[in-house]
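Have a look below at one chain only, the form predicted alone, in structure tokens format.
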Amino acid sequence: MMILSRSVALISLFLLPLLTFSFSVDNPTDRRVLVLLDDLSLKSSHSIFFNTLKSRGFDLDFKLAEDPKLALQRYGQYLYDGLIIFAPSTERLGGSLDSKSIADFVDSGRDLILSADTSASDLIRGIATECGVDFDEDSSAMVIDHTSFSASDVDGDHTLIAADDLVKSDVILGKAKIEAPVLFRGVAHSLNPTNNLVLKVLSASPSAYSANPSSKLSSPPQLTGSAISLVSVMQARNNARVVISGSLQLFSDRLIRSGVQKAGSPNQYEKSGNEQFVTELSKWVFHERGHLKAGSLVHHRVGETDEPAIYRIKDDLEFSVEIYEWSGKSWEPYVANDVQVQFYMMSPYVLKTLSTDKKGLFHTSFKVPDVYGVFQFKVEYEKLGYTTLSLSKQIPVRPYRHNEYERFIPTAYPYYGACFTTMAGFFVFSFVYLYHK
């Protein structure tokens, strides 16, 4: 019996690393997601959002945020590839989780959805700050808008916002336009100006401001107008993606099913744009869209197929790279006209825009510059919503050898002519001088 137990433990130890690496480049959506909740009742009150994830093949593991057995890693390997934190009031996470472990989780290339509300704790605010987002310091403040509020705001405090200022990106929010306004009730946040990786996805209108709705304003609010972000995203340099929302209700069944009419607008919608918004946003954050992969860089001389170990100055060469985009189910050829290659040494000597055959192959040809040294082929592709591609390959460039120069250089013909003319003149002068009487 003891031998059997040891065998099972040994097999588990070897299989664990295989199980923990659920995310793969070849199948980005085959992933396991940890969902941390303040209360397990959120499973039913936000069931529509969770069911959309399950229907797309995600394995959701629901845990209470203060569960003492919480862990993101085991034996140095991550157990999850995505993390959803719907626990805004939690002061301290259970187990081995804290703000640092979550930052390390994102630094490892994994994805995060973080939602807050008026009860947002210092822990949640700290995690958001690490991602380049600052929530309003006033814990009692909410987003108020006396112009762009929902006509169904029965409380009359105009905190139920009907927002329609969405980022113009088909990659992040899908190609289908979100017609109905998105209902939002929560806290405002602003973007850290020193962080150029964070982006507003859902912005407040110019008439919005952040304040306590139950008290009169004694001083001008710190956050006003379009500087207020309702939902923001960040794509880290390692292509990890983060969504930060100031409203937990944004994902709730109640607001998803709710009809919406923006104050002052004649348009009425039977259903808000929340479901489409959170669904499309979740596709982006979990790499179901905008996820690129590239093959190796290929280069060779014109007329050849083998890649040389060294180029000579003024060689004509051909360059190509394959780029594909994950469609959610399979890899499709990526089509764009803004992919560029640099032939680089200290600075780019050649910068060429690549042509595409619309089957995933990007190619170009150019002449090696008349400078020798160690160069690099560099493809650095950054586009809103897409994963960043950074590829490089090093290649030396040599000058002409002594036996590779032209025997007679056309530009030197005048000098050649002057030389032979001098010789002929000297011969004529000598003949005349020696034989004249």
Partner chain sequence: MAALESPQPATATAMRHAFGNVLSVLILVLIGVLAFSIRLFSVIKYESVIHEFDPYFNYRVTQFLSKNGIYEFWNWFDDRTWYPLGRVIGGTVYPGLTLTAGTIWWVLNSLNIPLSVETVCVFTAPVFSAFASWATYLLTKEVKGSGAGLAAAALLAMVPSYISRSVAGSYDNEAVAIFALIFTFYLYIKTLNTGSLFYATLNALAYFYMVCSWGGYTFIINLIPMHVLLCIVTGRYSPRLYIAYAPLVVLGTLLAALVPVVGFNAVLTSEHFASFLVFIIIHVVALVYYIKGILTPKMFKVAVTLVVSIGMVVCLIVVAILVALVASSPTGGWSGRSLSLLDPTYASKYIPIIASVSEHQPPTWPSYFMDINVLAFLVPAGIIACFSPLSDSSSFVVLYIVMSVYFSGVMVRLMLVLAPAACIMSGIALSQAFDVFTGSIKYQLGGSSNSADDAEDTNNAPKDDAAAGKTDKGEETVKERSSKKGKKKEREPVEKPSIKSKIKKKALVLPLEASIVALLLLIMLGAFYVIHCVWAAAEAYSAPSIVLTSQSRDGLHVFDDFRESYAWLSHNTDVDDKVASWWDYGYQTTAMANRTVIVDNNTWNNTHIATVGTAMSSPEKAAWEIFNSLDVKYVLVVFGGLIGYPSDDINKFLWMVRIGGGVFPHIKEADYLRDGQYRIDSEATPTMLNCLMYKLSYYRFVETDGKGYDRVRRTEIGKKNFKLTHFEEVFTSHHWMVRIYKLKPARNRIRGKAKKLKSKTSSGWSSKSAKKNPWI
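Positions refer to the first chain, counted from 1. If you're wondering where the values come from, they're calculated on a predicted model, not measured in any experiment. For the two forms, the rigid core is made up of the largest set of C-alpha atoms that agree within 1.5 Å on superposition.
What follows is about the form predicted together with its partner chain, which we do not show.
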query: is_contact(residue 394, its partner chain) in the model of the complex, heavy atom dist at most 4.5 Å; finding: yes
query: Partner contact for residue 372 in the model of the complex: its partner chain, 4.5 angstroms, heavy atom; finding: yes
query: Contact label in the model of the complex: residue 137 to its partner chain, heavy atom within 4.5 Å; finding: yes
query: Touches its partner chain in the model of the complex: residue 253 (any heavy atom, 4.5 Å); finding: no
query: 207, 340, 356, 129 - the one with a heavy atom within 4.5 Å of its partner chain in the model of the complex; finding: 129
query: Listed residue (198, 317, 350, 180) with a non-hydrogen atom within 4.5 angstroms of its partner chain in the model of the complex; finding: 198
query: Every residue of 57, 258 and 272 near its partner chain in the model of the complex, heavy atom within 4.5 Å; finding: no
query: Stretch from 73 to 81, 275 to 283, 102 to 110, 326 to 334 whose residues place a heavy atom within 4.5 Å of its partner chain in the model of the complex; finding: 102 to 110
query: Contact set, 324 to 352 vs its partner chain in the model of the complex - heavy atom within 4.5 angstroms; finding: 345, 346
query: Post core alignment: residue 264 C-alpha displaced by 2 Å or more between this form and the one not shown; finding: no
query: Large Cα shift (2 Å or above) at residue 192 between this form and the one not shown, core-fitted; finding: yes
